[in-house]
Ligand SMILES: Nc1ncnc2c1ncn2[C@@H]1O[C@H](COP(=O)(O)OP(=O)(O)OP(=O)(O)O)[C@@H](O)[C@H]1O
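Before any questions on binding or motion, here is one chain by itself as structure tokens, the form predicted on its own.
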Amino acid sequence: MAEAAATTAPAAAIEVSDLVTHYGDREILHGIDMEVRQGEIMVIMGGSGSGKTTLLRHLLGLEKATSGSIKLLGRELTSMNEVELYEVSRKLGVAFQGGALFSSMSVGENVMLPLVEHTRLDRETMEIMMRMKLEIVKLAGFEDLMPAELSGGMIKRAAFARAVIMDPAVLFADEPSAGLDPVVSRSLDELIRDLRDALGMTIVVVTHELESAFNIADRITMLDRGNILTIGTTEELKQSDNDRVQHLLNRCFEEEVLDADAYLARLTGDSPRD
């Protein structure tokens, strides 16, 4: 009897389970459950105040959760000490919003900085690696320029080159298209897909740009008021019958309805926690 072909889903690069976070007495994330598969581009999106930046900071190990679990590359992030977090961070790359290049350093020096800080490679080897990464992001020959001499799109590309200089297993990008015109934004979307395909890494992108999200995402996690609203492909989101999903996709303003007692409690600071 012929054996049925087994289909195996890609292993998880990130697993988040029942993640709860408080800022003081206020609960920000309300039991987040999500999974990012190895080799996929996962986009995290939501409106202002949805909790997407807070979730990103937790995935990077920059904040401690109130409760819950985050497994990053198979290791429990929430219980790590500083030494363990440092070891894991070397397997991660981060492209910060705005690029975050050091203005006093050349493009090449900015890109090489993780190698200088975290390895003992000789200068010639680091320069070769730097030029290779600048080639990937289409900035070959720009290593001697200063950040002030670059356009906004070029700064973002240089930031990506720095983020992948150590060939991370997981790349995080925070609002990569923010402040860019549509043409430059689309070219950056293509770069993100090219990086995944060329380097085989898992990529997590936080953005509020719908067009960019639809261009790059294998799947989208949509947050709303600290909750997971839905997780799915772009087509699954577009076809969702959830009114809140459609409001966010179509950028519709949804007026909050409060009764008189709730409104008074908010004004006096006695509003109950969500």
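The shown structure was predicted, so the numbers you read here are calculated from the model rather than taken from an experiment. From 1 onward, residues are counted along the sequence shown.
Only in words, not in the display: the form predicted in complex with the ligand, which the text now covers.
- Site residues 214, 239 and 242 are none of them in contact with the ligand in the model of the complex, judged by any heavy atom within 4.5 Å.
- At a distance threshold of 4.5 angstroms between non-hydrogen atoms, residue 53 is in contact with the ligand in the model of the complex.
- For residue 47, a non-hydrogen atom is located within 4.5 Å of the ligand in the model of the complex, even though that partner is not displayed.
- Within 4.5 Å of some heavy atom of the ligand in the model of the complex lies at least one heavy atom of residue 208.
- Residue contact with the ligand in the model of the complex: residue 175 places a heavy atom within 4.5 Å of it.
- None of 247, 26, 64, 30 but one reaches within 4.5 angstroms of the ligand in the model of the complex through a heavy atom, and that residue is 26.
- Heavy atoms within 4.5 Å of the ligand in the model of the complex are found in one stretch of 53-61, 66-74, 33-41, 231-239, which is 53-61.
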